[in-house]
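One chain comes next, on its own, written as structure tokens: the form predicted on its own.
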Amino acid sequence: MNFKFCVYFRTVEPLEYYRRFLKENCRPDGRELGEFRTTTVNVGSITTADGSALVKLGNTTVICGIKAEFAEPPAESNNKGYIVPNVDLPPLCSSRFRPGPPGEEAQAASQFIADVIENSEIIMKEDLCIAHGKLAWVLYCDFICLDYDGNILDACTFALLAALKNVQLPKVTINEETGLAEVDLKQTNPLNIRKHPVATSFAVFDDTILIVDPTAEEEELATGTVTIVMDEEGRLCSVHKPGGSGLTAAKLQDCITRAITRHKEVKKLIDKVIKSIKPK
């Protein structure tokens, strides 16, 4: 095929175009079916945030900024703080998104991150309590997608973990006489990160072929997607499958096995980056 015909064929029959590559166990971008795009992470890039991280997964780019504020603990759990995630998919990251209130995909991503935080126990909310029944930390975790090219869930989960590991909170004590909080900005401590959840997403083609780290085009052509979240102990924290074609037990096990390997790769990358910088 010459170049012009390839472009025409991809435009008119994108699924058939992909199938010809998949038969050869590769993809149009040159990757193998189980190969991730180049992944990079940069932490501490937002100086006004208490912790931040910028993650690139191929072209997909997500920045996470964390802001810590005071709040009264919930009445039903007076020894816990809060973690509030919010994912923003603005029009600047892709023409598929429109201005206005969060769309369905952004809301689904925010809920996914909230579920990961809860199920993985990345941070125990009890660790965010400053004084029982009086004061606790609220961690606002805001994600903004700067460039959308698929696999937003993996990028957001990675950015969350990196940003949380970058957070430094000041020492806070309650003055017994006044009952007010006293903040010592000279003494800061990192968060107690108890688990390290890592997401690995797959797209399903023709109900049988699994490809890892799908692009936006691959997600649109796929018959289904699934995201596996694992921690460093090999524990399955979450399985996210928003409809689409089903998976056999064998295929799901293949996904879990690949997710375990991916966790080691991401953990190694994030540890290297965190060690290379000084605490704020």
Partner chain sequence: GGWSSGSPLGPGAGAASWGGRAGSYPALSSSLRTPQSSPGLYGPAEVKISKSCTTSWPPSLLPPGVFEKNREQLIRKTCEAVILGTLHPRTSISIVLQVISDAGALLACCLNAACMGLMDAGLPMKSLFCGVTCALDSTGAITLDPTAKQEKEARAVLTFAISSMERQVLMCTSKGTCSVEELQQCIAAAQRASGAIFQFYRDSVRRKYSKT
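Positions refer to the first chain, counted from 1. Just so it is clear, the structure is predicted and the values come from calculations on it, not from any experiment.
What follows is about the form predicted together with its partner chain, which we do not show.
The unique member of 147, 115, 126, 142 whose heavy atoms fall within 4.5 Å of its partner chain in the model of the complex: None of the other options qualify; the answer is 115.
Exactly one of 78, 107, 173, 188 has a non-hydrogen atom within 4.5 Å of its partner chain in the model of the complex; which residue is it? When its partner chain is considered in the model of the complex, the option within 4.5 Å is 107.
In the model of the complex, does residue 33 have a heavy atom within 4.5 Å of its partner chain? Outside the cut-off, so no.
Against its partner chain in the model of the complex, would residue 244 count as a contact residue? Criterion: heavy atoms within 4.5 Å. Answer yes; at least one heavy atom of residue 244 falls within 4.5 Å of its partner chain in the model of the complex.
Taking its partner chain as it sits in the model of the complex, is residue 67 in contact with it (heavy atom to heavy atom, 4.5 Å or less)? No, no contact at 4.5 Å.
If we define contact as a non-hydrogen atom of the residue within 4.5 angstroms of the partner, is residue 40 a contact of its partner chain in the model of the complex? No, residue 40 sits far enough from its partner chain in the model of the complex that none of its heavy atoms falls within 4.5 Å.
Option from 249-257, 209-217, 59-67, 44-52 whose residues, in the model of the complex, bring a heavy atom within 4.5 Å of its partner chain: Going by heavy atoms within 4.5 Å, the stretch is 249-257.
Need the contact residues for 224-244: heavy atom within 4.5 Å of its partner chain in the model of the complex, sequence order, or none if there are none. 230, 234, 235, 236, 237, 238, 239, 240, 241, 242, 243, 244 sit within 4.5 Å of the partner.
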